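Just one chain is shown here, as structure tokens, and it is the form predicted alone.
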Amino acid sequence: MKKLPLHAWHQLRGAKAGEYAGFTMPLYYSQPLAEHKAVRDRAGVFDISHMGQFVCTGEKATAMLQYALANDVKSIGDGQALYSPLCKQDGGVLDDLIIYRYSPDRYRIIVNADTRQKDFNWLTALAGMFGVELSDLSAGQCLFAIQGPQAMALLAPHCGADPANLKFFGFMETTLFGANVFMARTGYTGEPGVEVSVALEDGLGVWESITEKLAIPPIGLVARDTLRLEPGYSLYGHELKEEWSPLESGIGWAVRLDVDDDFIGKEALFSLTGRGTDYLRAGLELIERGIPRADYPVTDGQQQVGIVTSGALSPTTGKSIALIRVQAPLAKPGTRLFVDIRGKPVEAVVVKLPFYVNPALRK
């Protein structure tokens, strides 16, 4: 298995390690519930250096990405980011990723770890068609996510530019603790915060400054998963798969079928909008006691009608929650269903997503 650049640091701090996407990753350092609460209450930092980072350059970079991605690349300007599915011709989701536009001929792309090589091969083939260049920066970069209601205020005195001035899904090149960094107003927790990419040689210094000088605790994958589940964010391999379209996987909002430009999968997705999808993503809360887990069957009391894609006991709400893939007519909030937990049907109800929203972000 691959190791993060800061693997030795995580080991010395007693991180419980596990495998994820071919990497040895810190699952937790103390207690997952305490780590979850730290992010919701103040701030936490995640080492997400396992994710892939590419750069796309060339005169036709915008045209290539407009064709490659289901979202409207032309809708963003310099210094802005865009979330998008990367689809196959049949509309299935190869990955969900974020692109960052420096200029019409230069973009950064951040992709999921377990699809990194697949994405690079796919995009490299398209780059050749358009005469643009795709480079993989992943091995030379560390990537950290600093998230929480106080994250940006804590970082501000140590940044070359105040991160609070970044709009949501904006980014900039600046400094952090004296190191040159790429900083984006993005995250995966439902809290304010930034994601920071820094050169490998500066990674440890920046990480230790965040964790020691600012006393922002490191957070492992277990808390990261419950933090992303509460706001209802989809995870590749769970809610998103090659066999499922973005329209049935909860990210149809990131597909722009109304643009004139063609993109890979557009015809298939148009067809789906016409006839509808058989399954949809939905939120579920258990009424009875139990904890839903991924791959547990969902039934209507008589037969299986869906499956749990992600589930946990929510530390913030105290409720057992799940994202499910369910037959489309049953995805309506208020629908009573059952989760089969080790052979026992546990009653649940479909609810409107998200399960949790930071009150400060409701405005």
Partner chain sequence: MIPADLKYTGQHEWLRLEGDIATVGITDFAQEQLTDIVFVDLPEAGRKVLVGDSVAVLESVKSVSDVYSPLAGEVVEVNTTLEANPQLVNEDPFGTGWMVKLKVANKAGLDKLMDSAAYQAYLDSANH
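Residue numbers count along the first chain shown, from 1. Predicted model only: the values in this text are computed from it and were never measured.
If you look for the form predicted together with the partner chain, you will not find it shown, but the lines that follow are about it.
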Exercise. Any chance residue 226 has a heavy atom within 4.5 Å of the partner chain in the predicted complex?
Worked result: yes
Exercise. Is there a heavy atom of residue 32 lying 4.5 Å or less from a heavy atom of the partner chain in the predicted complex?
Worked result: yes
Exercise. Quick one: does residue 287 come within 4.5 Å of the partner chain in the predicted complex, counting heavy atoms only?
Worked result: no
For this session: Indicate whether residue 16 is a 4.5 Å heavy atom neighbour of the partner chain in the predicted complex.
Result: yes
Exercise. Would you say all of 222, 296 and 344 touch the partner chain in the predicted complex, counting a heavy atom within 4.5 Å as a touch?
Worked result: yes
Problem set entry | Option touching the partner chain, based on a heavy atom within 4.5 Å in the predicted complex, out of 291, 199, 161, 153 | 291
Exercise. Looking at 55, 313, 328, 63, which is the one with a non-hydrogen atom within 4.5 Å of the partner chain in the predicted complex?
Worked result: 313
Problem set entry | Region of this chain that lies against the partner chain in the predicted complex, out of 297-305, 32-40, 330-338, 63-71 [heavy atom, 4.5 Å] | 32-40
